[in-house]
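This document opens with one chain alone, in structure tokens, the form predicted alone.
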């Protein structure tokens, strides 16, 4: 009887375990709240959750009579959340009050505009004065309205011959502090379309480099007739998938069209940070460039490389990219080092089937799913907050506190290389180069270790320069004395030889 009871208990435990696993697993068998990183050997390692789902906002949550339909973009200003509800030709303005979300208004027309109604709006931006900019795609314009939704002006298709022909279909945009508009438009691959604040077209910046395979290049090279060349596809730049602007006015752009083989060699550049003239100045001091997952099934759409659909930049220069391939979020610090990765495809909380847009409110992350028509709010855990705190302290110059906070992170995750690097960088700033070398060595950070070693060597030389000079002088004196003695000895020997010869 006891044996039977023991067997039944084991069976019940196994069933419970399997049920628990299924409850947390997504369709491809991975845990939905599984957070990971990569070590020096590029092995995937599990780590504590940096974020957890706080809540999911549905159409019903907002009391919408007409549910959201293929929403395409999020924008956040203060505690206001704006949603481009593209399929319903409207923009939703939502206010967060504590843990509650309240629909403030539905923006479906702009007073005084021609036409007043919106048509497939795909993005929006709100400036500090409360003016709202809307990428009114099917009306072929970017429309600007004041805070009371009165028409101010439109940014329309440029008449400049460099722009090209075809419809003007603005899809994504940002606005800088001076009111300049930077936009992405469907089928325009010359870079970001730049407008001055008065609506004048100012050209393109940050064009994606032309990409082609060696086979394509050789094939084109050997075509001799103009007719044959004309029949071949031209080598043209690819389009960006999305853009975001940080507090300093730098534009982050994501690119989802590239060759898989270019990723690990940093030729694809799926994330770029563009300055005012369009040059990529993204810092990449990690073991690998910011590319998302480093392992994937080649030539596969569903399980291929990470394709970043959107990006958001936090106040501490940490940026988070939203991967449409597997519905994952990848966080990187200002040095391009991967902080954490989590998320998956699926229909449960914290998973996505149509990852399309990401924004932040403080350190909370807001993710929009165009297929599920949901906004998922992620809040940092205590572990995640420690990482943010350590990064903030370092950027503010409080290096002692930063090192102490990174040590707290190590208590929760003893294998977190970034904590070793963070402590090492803080010690470097404190000019404690010898101690910094120890932490860089533990993190296998050869570049920073070499830098710390050079400073340590210089410091030791400067501290002992007196002894070094004294020893050098003594050595020179000894060498000179030995030479004199050797010469005298030689002269004596020569004299004795000559005397004996007589």
Partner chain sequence: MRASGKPAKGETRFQRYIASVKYAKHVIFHPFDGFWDLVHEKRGSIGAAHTFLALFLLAYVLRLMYTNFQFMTAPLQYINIYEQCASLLLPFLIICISNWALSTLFDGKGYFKDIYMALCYALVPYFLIQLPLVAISHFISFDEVAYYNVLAGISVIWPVFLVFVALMQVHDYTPGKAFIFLFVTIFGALVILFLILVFFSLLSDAAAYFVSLYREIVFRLH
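Positions refer to the first chain, counted from 1. In this text, the rigid core denotes the largest set of C-alpha atoms whose superposition between the two forms falls within 1.5 Å. In this text the structure is predicted, and so the values were computed from the model without any measurement.
Although not depicted, the form predicted in complex with the partner chain is the subject of the following passage.
K.L.:
Which residue, 34, 444, 58, 38, is the contact with the partner chain in the predicted bound form, using a 4.5 Å heavy atom cutoff?
P.N.:
When the partner chain is considered in the predicted bound form, the option within 4.5 Å is 444.
K.L.:
Counting any heavy atom within 4.5 Å as contact, can you tell me which stretch out of 66-74, 453-461, 471-479, 48-56 lines the partner chain in the predicted bound form?
P.N.:
Flagged stretch: 453-461.
K.L.:
Would you check whether the partner chain, in the predicted bound form, lies within 4.5 angstroms of a non-hydrogen atom from each of 247, 366 and 378?
P.N.:
No, none of 247, 366 and 378 comes within 4.5 Å of the partner chain in the predicted bound form.
K.L.:
If you check in the predicted bound form, is residue 433 within 4.5 Å of the partner chain, heavy atoms only?
P.N.:
No, residue 433 is distant from the partner.
K.L.:
Scan 104-118 and write down, in order along the chain, each residue with a heavy atom lying within 4.5 Å of the partner chain in the predicted bound form.
P.N.:
The stretch does not touch the partner at all.
K.L.:
Superpose the two forms on their rigid core, then report whether the C-alpha of residue 460 is displaced by 2 angstroms or more between the shown form and the other one.
P.N.:
Yes, because once the rigid core is superposed, the C-alpha of residue 460 moves 2 Å or more between the shown form and the other one.
K.L.:
Does the distance between the two CA positions of residue 450 reach 2 Å or more between the shown form and the other one, the core being superposed?
P.N.:
Passes the 2 Å threshold, so yes.
K.L.:
Answer yes if the Cα of residue 68 shifts by 2 angstroms or more between the shown form and the other one on a rigid-core superposition, and no otherwise.
P.N.:
It does not, since the residue 68 C-alpha is displaced less than 2 Å between the shown form and the other one after the core fit.
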